[in-house]
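This document starts with one chain, in the form predicted on its own, laid out as structure tokens.
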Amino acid sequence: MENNVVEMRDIVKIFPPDNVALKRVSLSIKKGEIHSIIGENGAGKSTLMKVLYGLEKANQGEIFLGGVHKQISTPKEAVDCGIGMVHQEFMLVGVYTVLENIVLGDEPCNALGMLKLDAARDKLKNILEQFHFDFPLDEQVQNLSVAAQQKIEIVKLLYRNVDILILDEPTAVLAPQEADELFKLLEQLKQAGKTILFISHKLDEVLRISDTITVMRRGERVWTKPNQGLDKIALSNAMVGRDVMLTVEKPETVPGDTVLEFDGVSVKSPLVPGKLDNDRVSFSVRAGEILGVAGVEGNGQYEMVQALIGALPICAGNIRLMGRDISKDAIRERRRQISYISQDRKRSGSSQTDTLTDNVTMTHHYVSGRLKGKLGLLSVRKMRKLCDEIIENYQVKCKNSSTRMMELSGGNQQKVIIGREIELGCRLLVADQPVRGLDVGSIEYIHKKIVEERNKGVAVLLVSADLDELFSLSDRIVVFHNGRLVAQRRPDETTREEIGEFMLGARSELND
């Protein structure tokens, strides 16, 4: 069709040796629309966009831009064709200024090869004025908020005259107010004639901003429809291929004794002299409750978790577990008492090149004797038995226990990790961003498991950048800002907007 700015025809992508990621996928994108692409992890949506952006090369198929056939083999070729991509992990250099980051890779030079930043500055000022950006060009990027950094990534593309923008999970670490600002910007870009390809797991956002929605499942396009009369149930069912429960059944419980207590805990920043990443943090978690921790990324939540598991030292206060001070305990000693789901399942939550059996054995091999044989050595039979039980009980989709971790989808990797940690049988479960980057089906299952632990009397510390997750699961929510706790609320006594204000530092009630 003449109005299609992008046409992808019969795209096939096979990852060696035989993983078919895309099965003859065809997709048409109209000029000047916001087109969302959704699907479970492994559905192929990100791979399809990487093919369009030149990060992956298709084994078969064609791409047409404005009706003209194009060969796009690299991101540079994509940008030259007017296609840009903002990745979930920002591609910025923290110690460079905003201006330096924007021109990096496309630096304006004179005939002698000398930088002409004044010309770039003039061009950028026009872009900033047109789209109402307000960040200073000479400020180091590391001093700006996550939301500002994301806008810088978008400006980088506008500076390169990109007309088609691919956004991968753009609101994953934003407060509600920051997400609202992003949506206003996307609407401005749309009105300016830009085309937006929006990848997200947040169905409310997809329904809110999309003109058209494409659903993918198992490497195929299920359907593409105008965003008219669609709802979350229709989208989730199409993504998963079955009915999905979008809310977690969470019965009322009476919390028991205090399991975890932070008492005036401070943690020094390893990067900035004199800065406290945690500043006199105090809170408690009781048996049979889920304490949700909210905050814009980079405000101390991660450091709090690392101090709890012993990866970062504290410089003031103490941490008590079941009434005992564990502030000086080694990591291995703490892990005897704490089940821990890391926010980075690939780097710190698992060993990607090892088998599922090896990954399940981790921590269990010294915490309990259940995997030891008669001579006190690890029993391969018992290790495999535990792994097989987790595969079955946690619905892990894999060939067998000898499968390498890296061969599983993100959701199935997380199920292995959660199974391993829950089977430790600890009184405290620390879940740091447990469903980040996962699809609706995996999220549904993992949320159910977390609530089951809470119902058994386990104390759960849940750290999440997703307020929907926190409001759905938490019995109480505390909010971090600038390394300090600034608020505590019950989900039924507050709103996402109020929590967002605390996250951004617009309000503060604690530690004043």
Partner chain sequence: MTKKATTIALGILTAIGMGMLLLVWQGYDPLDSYAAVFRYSMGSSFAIGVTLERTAIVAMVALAATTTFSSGASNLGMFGQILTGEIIATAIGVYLPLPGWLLIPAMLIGSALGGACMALIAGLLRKYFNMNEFITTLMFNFILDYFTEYLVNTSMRDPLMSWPMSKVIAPQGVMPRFFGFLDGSVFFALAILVISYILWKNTRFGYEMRMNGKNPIFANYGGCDAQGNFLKAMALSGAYNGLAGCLLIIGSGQQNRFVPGMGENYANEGLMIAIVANNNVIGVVLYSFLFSMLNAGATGMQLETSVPLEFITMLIGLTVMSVVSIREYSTTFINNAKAMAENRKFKKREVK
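It should be emphasised that the depicted structure is a prediction, and the values quoted were computed from it without experimental measurement. Residue numbers count along the first chain shown, from 1.
Just so you know, the form predicted in complex with its partner chain exists too; it's not on screen, but the next bit is about it.
At a distance threshold of 4.5 angstroms between non-hydrogen atoms, L504 is out of contact with its partner chain in the model of the complex. Taking the partner from the other structure, its partner chain in the model of the complex has no heavy atom within 4.5 Å of any heavy atom of P170. None of the heavy atoms of I233 is located within 4.5 Å of its partner chain in the model of the complex.
Among residues of the shown chain, N59 is one whose heavy atoms approach its partner chain to within 4.5 Å in the model of the complex. When its partner chain is considered in the model of the complex, only one residue from A119, I127, V380, A192 comes within 4.5 Å through any heavy atom, namely V380.
Scanning G411, G349, G300, G292 against its partner chain in the model of the complex with a 4.5 Å heavy atom cut-off leaves one residue, G349.
Annotation: in the model of the complex, residues R221, T224 and E497 none come within 4.5 Å of its partner chain through any heavy atom. Shown alone, this chain has one stretch from 161-169, 331-339, 130-138, 390-398 that lies within 4.5 Å of its partner chain in the model of the complex by heavy atoms: 331-339. In the model of the complex, D358, N359, T361, M362, T363, H365, Y366, K372, G376 are the residues of 356-376 with at least one heavy atom within 4.5 Å of its partner chain, listed from first to last.
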